[in-house]
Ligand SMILES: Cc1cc2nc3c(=O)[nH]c(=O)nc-3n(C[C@H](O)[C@H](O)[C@H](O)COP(=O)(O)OP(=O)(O)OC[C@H]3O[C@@H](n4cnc5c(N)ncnc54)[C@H](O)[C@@H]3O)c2cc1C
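One chain comes next, on its own, written out as structure tokens in the form predicted on its own.
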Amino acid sequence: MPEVFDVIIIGAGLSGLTTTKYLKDANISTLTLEASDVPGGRLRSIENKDNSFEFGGTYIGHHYHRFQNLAKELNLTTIDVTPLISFFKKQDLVINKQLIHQDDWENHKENTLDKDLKSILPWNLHRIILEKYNPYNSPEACLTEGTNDQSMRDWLQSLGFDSQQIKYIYGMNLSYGTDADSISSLQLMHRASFSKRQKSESKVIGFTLLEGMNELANRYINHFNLNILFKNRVNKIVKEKGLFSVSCENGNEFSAERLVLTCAPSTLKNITFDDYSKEQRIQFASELQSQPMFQIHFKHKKNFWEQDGFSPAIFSNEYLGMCYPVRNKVDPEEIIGFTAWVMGKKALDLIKLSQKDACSVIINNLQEIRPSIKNAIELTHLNAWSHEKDFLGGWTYFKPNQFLMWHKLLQSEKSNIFFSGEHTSISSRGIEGAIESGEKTARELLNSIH
């Protein structure tokens, strides 16, 4: 007979660990199953001497209080990233393979925006517009009845922007969706409302961890002595006699009265559910998309940017994506490497290739656009979340009409299957949202038990 628990949690990212911790504190018999051999989900740090390169969570907002309190309790060292962010603003543009100094963008022939937006660089345009025209003053307000869950294109067109303008407002190396038609404007408004709440009079923008972001998950488990079973990828869930029977690819089986699904929604299609468990939320979640993204890290053998006179950092609509320097956390003046983040439609193209071929496309694109980079860089790491079975991409994004419907389903459909993760958070986003969701799920579970 499989061992029986009160609760089985699938996934040991921050939401899963948080749920596990709170249930353990309440003396609830809990088992957390993790498909990989490490915790943390998309927290992934590559160590390099006294620094680390982040392929997942990178910076933490100034008011991520849950994160900051947790880091303090785990004796982790937070570093003010404000000096790093100031360097990040010094990017130049690549549009249609043409390098453009950011100072030249305002009067560039491609820039057809109105006068008050002409000086705003493309990577900031949609944020500025959302900040100005967002009709919701809080993340919670975005989830109330009567909100309009339309596409980003429809919303921008309602403000008077044409297709050429939208191409640069929401069409270059996107962090959410693949184009302005594919993303819920309501999700972006929810994110913008959270960012607005994060702002303060403090000059500190945010933090990162000296030890690397994934050390948060490692210390979390050790500090709270959590019961995590690694290398147990769930592939089947069946409901029998009031218990969920959970089967793993390695042959292990476990049973529980309640389940928590913290895995990326898009990966639910890799799990076979019996008919009883095919509730609407599971079907809906499995249709959600994970953000297409492809990342490579490389070292530089010489300061190629000094040769061509452009910024070390460039933002593009090409296969090189957003290519920016990784700086020494302690001494931001020092560049210790580069990371190229390719998002959206270009990432979709790369995902169809082998990882080796995708890397070649990015490097060749860099060298074609920026000849000074030839023989000046050395590829060191790649990270293709979309190629990984347990993620199928980065964070979850919502298509038009999905964001509000998903949150309504979470509130209305009740069962002994619970969902947790950033995609379920009400008031927060990012790492803070993951921790918030874990707390919320634990409360809901304890209420259902007692």
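Position 1 is the first residue in the sequence shown; the rest follow in order. Just so it is clear, the structure is predicted and the values come from calculations on it, not from any experiment.
This next part talks about the form predicted in complex with this ligand, which is not shown.
By the criterion of a heavy atom within 4.5 Å, M322 is excluded from the residues contacting this ligand in the predicted complex. The closest heavy atom approach of S185 to this ligand in the predicted complex falls outside 4.5 Å. At the 4.5 Å threshold, heavy atoms of W341 reach this ligand in the predicted complex. In the predicted complex, this ligand lies farther than 4.5 Å from every heavy atom of V81. Partner contacts here mean any heavy atom within 4.5 Å of this ligand in the predicted complex, and among 149 to 157, 251 to 259, 231 to 239, 366 to 374 they occur only in 231 to 239. Taken together, the three residues G177, F284 and Q289 all stay farther than 4.5 Å from this ligand in the predicted complex, as judged by their closest heavy atom.
With the partner omitted from this view, the residue of W406, F418, Y59, F53 that lies near this ligand in the predicted complex is Y59 [heavy atom within 4.5 Å]. Checking A384, L31, L410, A35 for any heavy atom within 4.5 Å of this ligand in the predicted complex turns up a single hit: A35. Using a 4.5 Å cut-off on any heavy atom, none of the residues of 152 to 184 reaches this ligand in the predicted complex.
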